[in-house]
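Next up is one chain by itself, shown in structure tokens, the form predicted alone.
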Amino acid sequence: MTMQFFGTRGSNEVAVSLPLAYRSKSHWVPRIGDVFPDFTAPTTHGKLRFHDWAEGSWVYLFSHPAAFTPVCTSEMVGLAGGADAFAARDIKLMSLSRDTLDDQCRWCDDIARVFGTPVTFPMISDIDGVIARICGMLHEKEDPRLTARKSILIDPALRLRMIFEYPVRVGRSVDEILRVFDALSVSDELDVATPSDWQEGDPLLLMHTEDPRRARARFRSPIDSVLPYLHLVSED
């Protein structure tokens, strides 16, 4: 069956295509498990079509309020500085704001000159807020002119796996983004869950729907049943 789409466009070559099933009386916003919509947009790496650029890799897509602002600068330095850690996990980065491409390039020049950290990932110029509006990246009660601090992690099948939102005055955590990716990876691989504050190498959790007696066949290490509904298991 051929999937049908509807789209919306901005004034600066931004175009977004959404599956027809996402159209409803209420505005669609991204939800975990959704296929992320395709779009074309001008970026600091030229005009890109998102699905073509993203497919086959994990993608961390994040919006931020504006270039030449303090919190956004600190975030850009942190994310650009973590390029090796993201690359080691096969995660591509892409940012989005309503700044012009010229402003974003001049801002990146400042960051490279002052901090010695080049920004090597594409940065979307969504001047009219077309993508930002569709993806719920505008917070009218904070500042409707600016994109919010929204973080979206997308898997190689183009499905949303994580969504974070931060207030305008609070910068995001690069370590937490990587931690969630690592948790999702081990969860996908072993069909388990991860506890609060989990770090790589920590015990994992059986899902509450899994019988621990049957689960023992899947793991070499013993299962520690702390409570009838809380079972710990080692990754080894």
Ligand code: BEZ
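We number the residues from 1 along the sequence you see. Being a predicted model, the structure only gives us computed values, none of them experimental.
Not pictured, yet referred to below: the form predicted together with this ligand.
Stretch 61-69 is the contacting one of 173-181, 61-69, 188-196, 33-41, since its residues have non-hydrogen atoms within 4.5 Å of this ligand in the predicted bound form. Heavy atoms of R149 reach within 4.5 Å of this ligand in the predicted bound form, making it an interface residue. Taking non-hydrogen atoms only, V168 approaches this ligand to within 4.5 angstroms in the predicted bound form.
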